[in-house]
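Only one chain is shown below, in structure tokens, and it's the form predicted on its own.
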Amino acid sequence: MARLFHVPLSPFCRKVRLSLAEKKIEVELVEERYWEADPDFLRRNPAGKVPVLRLDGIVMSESAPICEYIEETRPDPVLLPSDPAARLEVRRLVNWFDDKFHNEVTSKLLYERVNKKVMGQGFPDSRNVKDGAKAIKYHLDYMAWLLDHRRWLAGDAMTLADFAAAAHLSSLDYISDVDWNRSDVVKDWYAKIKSRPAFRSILADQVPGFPPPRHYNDLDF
């Protein structure tokens, strides 16, 4: 069985979990307090980051190459299209959410509100929280623009781009930091992807001291 060292609200871990679940790859989840720099974990990944996946006798780190390895070795169902231009757009959007969205939104909201407390690093920086709350509006509007022109974020089929976006938004939704009333098309997209069997384990996540809002695991939110 595959084994994934993860943190429940990490969007990077969630993206890998969604890929594994969509491919119906059974995985054992091991929660890792990576900030404690455990020597055993550092031997698996000297960078001291999650996710770390053990699959096919290989220990892998970094969510983007992990997801591409899963796609290359388990191509059904397809999450990365064969057409080069379409693959480029998927990779662009995955990078958008894992870089730009993460730096402007996730790190300002989730990390300030949750990670600091869990890691014992003090109280949230109100300036960062304010900046993140402002930035997410721009990103939701950009998603709405994409979805006005496409069935899914990167085109006519669901791809890794949708999983990358859903991983970040689901983590933020756990702490009620997503205004789903801002865009009907984004809310409909999230309801559609949230209803997939691959999402079930994510919706069951519980973080001690941070109960999710009532709508979090409601498919008709």
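Quick note: we count residues from 1 along the sequence shown, nothing fancier. Quantities reported herein were computed from a predicted structural model and do not represent experimental measurements.
Although not depicted, the form predicted together with a small molecule is the subject of the following passage.
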In this chain shown alone, the residue from V178, A161, V186, V50 with a heavy atom within 4.5 Å of the small molecule in the predicted complex is V50
Would you mind picking out the stretch of 150 to 158, 57 to 65, 23 to 31, 191 to 199 that comes within 4.5 angstroms of the small molecule in the predicted complex, counting non-hydrogen atoms?
57 to 65
Would you classify Y111 as touching the small molecule in the predicted complex, given a 4.5 Å non-hydrogen atom cut-off?
yes
